[in-house]
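Quick heads-up: it's one chain on its own, the form predicted on its own, in structure tokens.
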């Protein structure tokens, strides 16, 4: 006998847990033949606020962890993603990728995680400095995490764009709230399941799905988000984000028109973009 397929409901990821959206709303995701392949939670403003609270709570502990430990945890994410490689390839194909493109995207995502894991205990040496001053002091500039970062992930890539923006954010000690691709959201919540089993502390990464028109403004206007990274959108959207962010002196990072499949899309400067420079003076002599 034939049977009806069971469409999975992909939940959001907040504070290390997988709740349904508090609004109870969802939207169906269709394949190229207009078949429903999953139900996607339509995140609300309340979900976003809950995610920011979780990210803020986790931020001091994550920033206080050693660079070596953060690198080990990100490397573990890559290991777990490697173990579920076939699942992610299948999900990408469901969303319209060819088999070859899906394999390349998953493999590039794994490699990108390893790339940033390797930078975890090195970027400070590259970007920090001992500054010359005309007084009897040592003057040091070092990087510190910005805090809670909102990431509006690329809409045209399900996994690689998400990983390429999330990894440099958390390797530097930030926590984040990510809005996944609206058109290709499947891999984002499956990636949350990878994070959940990879020693990532609860609240370090929070992933929402939903309509960008409804949630983008919240990322820019929320007073407890320290920076926002957005990866696509019209000039009108960019202007709206810049304007809302200016009201609370929030850093805005634009990464539009980026081909996330190229090696040029991985760079230690992406780590620096969500860091603050702290300068310390230390007297010389007695």
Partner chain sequence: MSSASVSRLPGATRLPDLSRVPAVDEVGVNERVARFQSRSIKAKAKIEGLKLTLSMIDLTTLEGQDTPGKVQQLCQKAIHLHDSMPGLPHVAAVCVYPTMVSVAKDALEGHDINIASVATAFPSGMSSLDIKLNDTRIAVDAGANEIDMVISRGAFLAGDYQLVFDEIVAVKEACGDAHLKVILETGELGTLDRVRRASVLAMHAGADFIKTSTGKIHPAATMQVTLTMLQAITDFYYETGRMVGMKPAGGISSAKLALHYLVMLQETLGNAWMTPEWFRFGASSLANDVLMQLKKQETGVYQSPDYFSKD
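Residue numbers count along the first chain shown, from 1. The structure presented is a predicted model; accordingly, all values stated were derived computationally and were not measured.
Omitted here: the form predicted together with the partner chain. The next part is about that form.
The shortest heavy atom separation between residue 42 and the partner chain in the predicted bound form exceeds 4.5 Å.
In the predicted bound form, the partner chain sits beyond 4.5 Å of every heavy atom of residue 59. Taking non-hydrogen atoms only, residue 30 never approaches the partner chain to within 4.5 angstroms in the predicted bound form.
The partner chain is not drawn, but in the predicted bound form it has a heavy atom within 4.5 Å of residue 46. This chain appears without its partner; in the predicted bound form, the one residue of 254, 258, 242, 221 with a heavy atom within 4.5 Å of the partner chain is 221. Figure note: of the listed segments 32-40, 230-238, 65-73, 213-221, the one touching the partner chain in the predicted bound form, with heavy atoms no more than 4.5 Å away, is 213-221.
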